[in-house]
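Form predicted alone, single chain, as structure tokens, below.
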């Protein structure tokens, strides 16, 4: 595997899940693969779980790791071709990327949606430049449109805790004071459908996701109806995808335009009561009592910590596969 940006890169998902569970049992047995090799982890945005879990995963595999915070420890980078660089950006990605490639065997990139151009975000301008110009295997540590390491960890977690062969998995929009990318919900929807689950996505009108990622899922605008009989509930906020509202927080940016009781979407005991004693999931960090109430996230069916722990396993499985395919 040379690149990892979405579920299709894993090939047979069931085989990848089997491999991941084996890696979890024997996470230090593959150090020969990474001996004298270096993973360069490049962060254009903040991180806690992704930074720690991916660095730990590479070290489990015997790799050296270099972590670069682009906005804190490097020159400011220009990303656009044809720009007269007379401002505060001293280096262009077109030179920086191949230089980075000189120092690494595998590169991980984290770069969020900028919400300046929907076209640029959904063409993955930064990630695609690393794939094109670095000369090295590249994996996404969250990009503008997807978070495949998180989604892989989510599916590992569901496989470990499911009590029926084909669980009902509900992803629910929930309110947030800011405007978040569609990356996590895009990938979760795509992975959950690929895993063969009964997938329901529920959100207010105006928060429809890109149908390329939600194909195979049922869309339900009535949150309580969606939650009925659910085995797993995944809470998440995301901003609008539609062209006229792209990247917007509808309840803040367009007050009164949408006839919604936004705060009623916070996931609490009322919603969980109609589920099949569902497990609660969230990628973290989470805004308590916006996304989910204290009693639900602290309850006995909350999986947010095991889910976060599995970030190490998803990353190790992906990096292991990339190391195995190195020339």
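Small disclaimer: the values here were computed from a predicted structure and weren't measured. Numbering follows the first chain given and starts at 1.
Separately, the form predicted together with a small molecule exists; it is not shown, and the next lines address it.
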property	result
Sole residue of 57, 42, 39, 283 within 4.5 Å of the small molecule in the predicted bound form, by heavy atom	283
In the predicted bound form, the residue from 202, 140, 186, 150 that sits within 4.5 Å of the small molecule by heavy atoms	150
Residue 48 within 4.5 Å of the small molecule in the predicted bound form, heavy atoms	yes
Partner-proximal stretch of 284-292, 29-37, 63-71, 268-276 relative to the small molecule in the predicted bound form, 4.5 angstroms, heavy atom	284-292
